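Structure 1 and structure 2 below are two forms of the same protein chain, each written out on its own as structure tokens.
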Structure 1
Amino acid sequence: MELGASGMFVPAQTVGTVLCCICGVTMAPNPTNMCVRCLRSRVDITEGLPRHGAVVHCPECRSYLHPPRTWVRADLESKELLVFCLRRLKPLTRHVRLVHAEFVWTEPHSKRLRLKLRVQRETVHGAILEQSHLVELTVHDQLCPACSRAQANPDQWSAAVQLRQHVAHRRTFFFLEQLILRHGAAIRALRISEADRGLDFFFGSRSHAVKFVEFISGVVPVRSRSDKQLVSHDPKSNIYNYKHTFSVEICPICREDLVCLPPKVAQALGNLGPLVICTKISDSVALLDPFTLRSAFLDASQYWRAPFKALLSSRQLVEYIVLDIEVESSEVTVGGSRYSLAYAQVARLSDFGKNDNIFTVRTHLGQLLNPGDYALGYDLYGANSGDLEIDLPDVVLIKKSYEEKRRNRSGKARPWKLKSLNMDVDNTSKGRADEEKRNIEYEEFLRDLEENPELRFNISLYRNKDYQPSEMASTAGGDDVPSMPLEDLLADLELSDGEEENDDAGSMME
């Protein structure tokens, strides 16, 4: 017993069959009372629908023109292309309803796109008929304005950023290179070329260059100026085409540099001892007085108001061995690192064992150093104080050294590697010696990365596939050489199109 909507008994209704009024074949009754084939042969719902069309395609960038000016990037027989074609065939939808659309495969070089559409329309008597409809679109090739401009002059740039740092080493640029890669700040650059003391970036538009300059000023203290040069000018429409150049100079003070502050600056910072160490460079310079553990920050604008150079930089570090440590004060945390004042007895490694030159110095590394450790510092023993009326210390220790331990592991591959920017290197003049220097500097930079987790913060590291973890137990004794925790490494995703980052590794902070 079937119950209808109101709960009353509704008798079963089986639909009977009638004869098609045209051909006499038995069929279920429908509003027209004609069988489907007779209906199809008499009624054509695709009458009046467009069967041909034309689309314009740019062969360089493989995009299609949506008049009057938009170019839509789409691959052959892709979803985007289907949507685009349906949009071009808009008049279709006025009379019929589109139920399904798909591509019929054509040879790519035939310059034809075939679409099979299924449309529905209501006929006389109220019957809805569904019919399939083939549309053929002819593809015309035409370079889009962007590609034609690129074709005409492939190296045409309209904005350039010249990044310079007047120091003898390239550490900053290695670091910047990794940062730029991580944040993708140079994806818009047409070309990157290496210059004597810096890098040149060329962009297609001024706004890209400005964005890049702002990114750089957010990571290192810079001063920049911009200029423009008139390339062409259309007097009728008042259009002026310029080439813009941004000259960006990076502050020459680097990490671990020993700086002697000019008296004015020292006074401005509250009489900070004229000898200071630079501990961190971000968009401001962090200075630490190693003898009083006082620190100060210099903004980019503050620095450039009274610029000063570094006295000694990390290339002039000398290795010392610590003979004795006497911690003087308690631990102080300055800017995220822990320091404590201590008296240390050190000897130069070159002197050690040969003579008895021992220096007693104050150092801020009381926390880290133990007797028997190696440390790196600046040798001021024989220096002349010149104009300054201060007592020059004999040694200023900067950091702990892992050189000995490194020698045990020398030659081992690192478990991680870095990517590099695609640069045009100026190979003409310098030659072999420079390359040697560069390699040494790069190696030091990699060591720096290993030792300092905070440096690694903004850099993406990739797992080195060629690295095999050693089967021998590491020679333990004292503290181990600091190394990268392997979980922090990003796996290099290899896809057929190229390499992509796998962002699941998350942040780099331990």
Structure 2
Amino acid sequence: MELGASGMFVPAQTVGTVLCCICGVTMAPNPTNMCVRCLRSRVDITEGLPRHGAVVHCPECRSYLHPPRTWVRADLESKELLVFCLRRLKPLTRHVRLVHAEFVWTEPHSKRLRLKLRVQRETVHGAILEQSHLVELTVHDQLCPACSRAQANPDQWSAAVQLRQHVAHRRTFFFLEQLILRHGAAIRALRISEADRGLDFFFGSRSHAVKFVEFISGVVPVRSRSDKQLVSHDPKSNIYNYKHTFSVEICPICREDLVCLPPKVAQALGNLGPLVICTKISDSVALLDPFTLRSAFLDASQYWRAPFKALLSSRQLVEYIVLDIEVESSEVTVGGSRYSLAYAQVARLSDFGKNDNIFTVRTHLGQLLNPGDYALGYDLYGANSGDLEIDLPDVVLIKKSYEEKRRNRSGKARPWKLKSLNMDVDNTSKGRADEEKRNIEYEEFLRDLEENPELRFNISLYRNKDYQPSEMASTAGGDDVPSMPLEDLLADLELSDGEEENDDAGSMME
């Protein structure tokens, strides 16, 4: 029972107050017996703290020098830059406790960084006082060593990565380009140039090249070797300057390729195939038997131990029309994709109406194909098997085709777009002749992205601001051509200077 309820007298509790010993204002008691205003007028806790400083900034790569030789990349008024500035003011924390820090907006061309800090410090008789403190840092422009070498001579590289794939198309490099952009793998490259059947990346440091090779090894099956050439030697200081070259070869097997596995490889994979389709390329090669739906994966070490080439590539695909389809089994998921075995009657689109050549084939696309649909496949009818000790089927269907429906939309812009690397392109007559071929292959790559959600999983897609949907396209209806979902698109922001600074401004609490 409480004391008040028992009838006992309980005195009311009041907060005691005292008068300030300086100005006589009523206040809560504290160890100094002075109000906050009088205490601040007599005690300055920011005395002795630095109010000015200097930082070194590289205008080319937007990096800041952290002595003695470390360069930190940070945008203007970003959280990374705030952390960098506080590290430069580290002696400040020896005398006071940092409570809050934020940027004070300045003009970008003023070459000034202003920080507003809130600090706490113990004053007389153990009283803790909090006060604001403004620090101004002067920005001095100076090129970092990498940008300095690039400005003096763009070809003054110390490490080069030669990326090659010995195939007749560039679809793999289009995919690699998007992965490199998404992960910023080539951000340290001094220059990127297009070469025959590949790309060349030039770096100012061997460590940057090694890191890039490790990234490529993690996304596609490759084999690499390195070499170095002596450039100069200082015998007095025992300093050697080398130019390093890394030769990286990508596996020549690509997605949708038809492969005939060598007997030893097929046996090692549990007697798979031997006629299989490559369904996916990552750090390993995904293979699928289209007649049994068995699958297997080949990593880089297994492939290069017994390398083989594709029997037919995607450039040799032929369009067929589906006359009839009979599903044999229910849908199964293999490697993240759904398949269903079926028997299909197909005819070459080029022969349709000209002859009676009809092929009955077994396919893994039973869940996609319907009578009247179009499909792309490899024409093996009458093919010379040569050294192959297997009976080849007449047709191997690879994927559903939307070419007939795409022709109605030809020439229209897409609502999305991709970014590309800034690379040197061959402007010779040979390079201009290959430009048309490159554009056709790039269009095929864009169609693959629309048709395959798994392929665009690690790719950044951006909204096309120039796209204007037409009323005819919106009212067409019944058009099942694969398209990009709007929720998968990123806004390609182009902020003004003021908006960018406000968006990146950060604060820090400790």
Partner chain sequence: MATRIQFENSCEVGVFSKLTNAYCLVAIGGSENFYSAFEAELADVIPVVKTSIAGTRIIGRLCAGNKNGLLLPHTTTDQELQHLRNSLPDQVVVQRIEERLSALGNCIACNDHVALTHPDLDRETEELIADVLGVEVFRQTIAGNILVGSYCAFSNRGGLVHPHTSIEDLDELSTLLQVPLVAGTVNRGSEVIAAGMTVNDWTAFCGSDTTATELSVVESVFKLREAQPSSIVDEMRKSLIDSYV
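Here the rigid core means the biggest group of C-alpha atoms that line up within 1.5 Å when the two forms are laid on top of each other. Keep in mind that what you see is a predicted model, and the values were worked out from it rather than measured. FYI, numbering is relative to structure 1, first residue = 1.
For the form predicted together with its partner chain, the corresponding chain is the one labelled structure 1. The Cα position of residue 447 differs by less than 2 Å between structure 1 and structure 2 after fitting on the rigid core. Core-superposed comparison between structure 1 and structure 2: the CA of residue 308 stays below a 2 Å shift. Relative to the superposed core, residue 343 undergoes a Cα shift smaller than 2 Å between structure 1 and structure 2. Once the two forms are overlaid on the core, residue 70 shows a Cα shift of 7.5 Å between structure 1 and structure 2.
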